[in-house]
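Shown here is one chain on its own, the form predicted on its own, set out as structure tokens.
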């Protein structure tokens, strides 16, 4: 598995993936839909899978003495590492953003707080669950798989950005310590969903990939 992960990062990972991972800096932009910063991470993953297709990574992996499901697990782990790296890098920018606007009130949607990171985890979970099984249905249709994944992902993004506009949910935009404490259960719940969804997503994708005649 470590060798397969090494292959993912050395041969498949597109350079733009790491550029998009650093887009947490967008959390410093005032009055901005901050979930877009995490959307770019999914775009970086799309570039990596597209590069893998162009380099015939599927054919190369099929020649290796590994099971198909191991290839899928390595790709899922690669996605998770990239996504978690993006979240970690975004944390200091979110803290600075909260200092710049300590009272919250982002007119567009979610502010820099725990609720935003909970939304990011849900966005990544939905993207993975839609993209990976769609891609491994064939092992090479990257574009159509990404478009299919973007539909539910965009719905989650729009919903998360819309929630703070309801008067009863204004606390989702609170950037104070008390506000973040109130949002902590949301973050912990999103973490549980994200990490519970990863093995399920890998299992579904692997099951589909086993049926592909390479």
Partner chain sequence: MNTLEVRNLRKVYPAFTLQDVSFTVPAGSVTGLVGRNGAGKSTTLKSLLGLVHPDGGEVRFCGMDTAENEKAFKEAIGVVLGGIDFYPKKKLKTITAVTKKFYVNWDEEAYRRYMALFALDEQKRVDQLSNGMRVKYLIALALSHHARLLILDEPTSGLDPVSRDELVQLFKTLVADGQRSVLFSTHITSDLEKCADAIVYIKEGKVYQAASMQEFMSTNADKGATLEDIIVAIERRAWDERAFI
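Model, not experiment: these values are computed from the prediction. Numbering follows the first chain given and starts at 1.
The discussion below concerns the form predicted in complex with the partner chain, not included here.
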Quiz prompt | The unique member of 31, 63, 155, 178 whose heavy atoms fall within 4.5 Å of the partner chain in the model of the complex | solution = 63
Quiz item: Since the chain is shown here on its own, which stretch among 35 to 43, 185 to 193, 157 to 165, 54 to 62 would lie within 4.5 Å of the partner chain in the model of the complex, judged by heavy atoms?
Solution: 54 to 62
Exercise. Using the partner position in the model of the complex, report whether residue 197 sits within 4.5 Å of the partner chain, counting heavy atoms only.
Key: no
Quiz item: Taking 4.5 angstroms as the cut-off for heavy atoms, does residue 16 touch the partner chain in the model of the complex?
Solution: no
Exercise. Please check if residue 22 has a heavy atom lying within 4.5 Å of any heavy atom of the partner chain in the model of the complex.
Key: no
Practice problem: Give a yes/no on whether residue 204 approaches the partner chain to within 4.5 Å in the model of the complex, heavy atoms considered. | Solution: no
